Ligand code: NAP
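First, one chain by itself: the form predicted alone, in structure tokens.
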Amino acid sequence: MKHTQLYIGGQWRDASDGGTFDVLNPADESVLATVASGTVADAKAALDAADAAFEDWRSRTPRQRAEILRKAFELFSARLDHFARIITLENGKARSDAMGEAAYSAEFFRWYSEEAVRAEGHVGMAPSSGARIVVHQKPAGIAVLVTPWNFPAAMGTRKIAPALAAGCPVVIKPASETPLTMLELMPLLEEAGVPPGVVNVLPSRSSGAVVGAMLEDPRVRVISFTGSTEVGRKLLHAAADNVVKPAMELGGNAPFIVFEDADLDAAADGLMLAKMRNIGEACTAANRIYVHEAVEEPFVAKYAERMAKLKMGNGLEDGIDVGPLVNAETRDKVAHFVDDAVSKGAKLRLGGQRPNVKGFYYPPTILTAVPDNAECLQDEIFGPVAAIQTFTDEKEIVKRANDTIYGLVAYLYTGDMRRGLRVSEALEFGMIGLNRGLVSDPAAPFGGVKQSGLGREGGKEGMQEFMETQYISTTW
């Protein structure tokens, strides 16, 4: 691992106090790299670098910024294998999954290279006064980006690309479990033409102190965070003091509903995507699976057949479908959810036995007859465990699906499009997968309602999070 220092103002540097932390390979628990751990002083230096770069970057034409983002897309696309390998090494996901993430990550550069030139305003006339109303968009200012470990490339590019397209410099604080991918991105951005100081990377084990210090700086105007609702609440409190614009993509508890008229093969394939993408370590992962009792047995049989074929092992090896979870804490939490559900009466259909091997592995697992008081129904499982319940009535299942503080994504399968749209509109979630097990797309607004977040990433809306609307009143 070549790049293990802080990246500030286009320069690689050690932490101000010389502090470091180890990054582990979850496949064998070995140390991959020792990375500099940023301090509050380093955070100030990163903000100084971003501030110094802001005027030049914001004054460039949208086309100039767009061309740099397009070049970043091309460079990233040519190096998908390279980035996929780093993702697998520090995150653990299977190589096929890592390749999917790498391709998805690159697309944000392409999408926002196209959106950069479309920050359009409008001109109108005030009906009462006759004054002209001129409305346009301006870059909001320095953005602090805080990303999670589950998608170490995509969660970074999904924030960096729209911020740069809008004209904002950024300081990104990657998760300490997976900082290497983001550090490896910096030479690519340099090659694409991103000026020094426009993107700064600050790995740190002192996340609370470092991010908190940046939110106290009046130069910071946006905080974009992806992670747990618990941490999101704390950041919202901190952002309130300086009225920093928040963009929060928080936790989820996604229902996956299979109606009696669904194509069961398609639904089983969709659940494989919705549950097993990134081994279930995703806020969009299907967490509560509801199957109409009339089709429970044939559906579970089809799904179990697919799950049983998955091969678990080191994600770098050929033919591996399920790599290790990211760390021991995540693995142990998943094991606890399974043990808790079984102790309360759930039936173990597949898996459920933690392997006695080195690495943070947990096998693909299916639970049926999961009782309502099982902990896995109330919290994100974040692992390869499918918890299945049954239902009989449409109104009943909509009520049960909505009975959560979260509202990120919901999935449903039905052969009746009228029912599909009716239920979709009744579900209190920011995104719906209607006969689809995957909703993430750079061209679509990603985000939730209730305690799953504020704002949107991706789509046209993603760039708006880094812009402010200015209105000019004049006459001519």
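Quick caveat: nothing in here was measured; it's all calculated off a predicted structure. For every residue, the number given is its place in the sequence shown, counted from 1.
The form predicted in complex with the named molecule exists for this protein as well; it is not shown, and the discussion that follows is about that form.
For the three residues N150, K173 and S228, a heavy atom within 4.5 Å of the named molecule turns up in the predicted bound form in every case. Across the options 78 to 86, 108 to 116, 377 to 385, 306 to 314, residues that bring heavy atoms within 4.5 Å of the named molecule in the predicted bound form belong to 377 to 385.
A heavy atom within 4.5 Å of the named molecule in the predicted bound form is found for one listed residue only; from I257, L271, V220, C283, this is C283. Between the named molecule and the residues I289, A143, V211, L183, the one pair within 4.5 Å by heavy atoms in the predicted bound form involves V211. Under a 4.5 angstroms non-hydrogen atom cutoff, the named molecule in the predicted bound form lacks T157 among its neighbouring residues. Proximity of F446 to the named molecule in the predicted bound form falls within the 4.5 Å heavy atom cutoff. In the predicted bound form, no heavy atom of L412 sits within 4.5 Å of the named molecule. Looking at P364, you'd find every heavy atom of it more than 4.5 angstroms from the named molecule in the predicted bound form. Residues of 179 to 215 lying near the named molecule in the predicted bound form, listed in sequence order, are S204, R205, S207, G208, V211, the criterion being any heavy atom within 4.5 Å.
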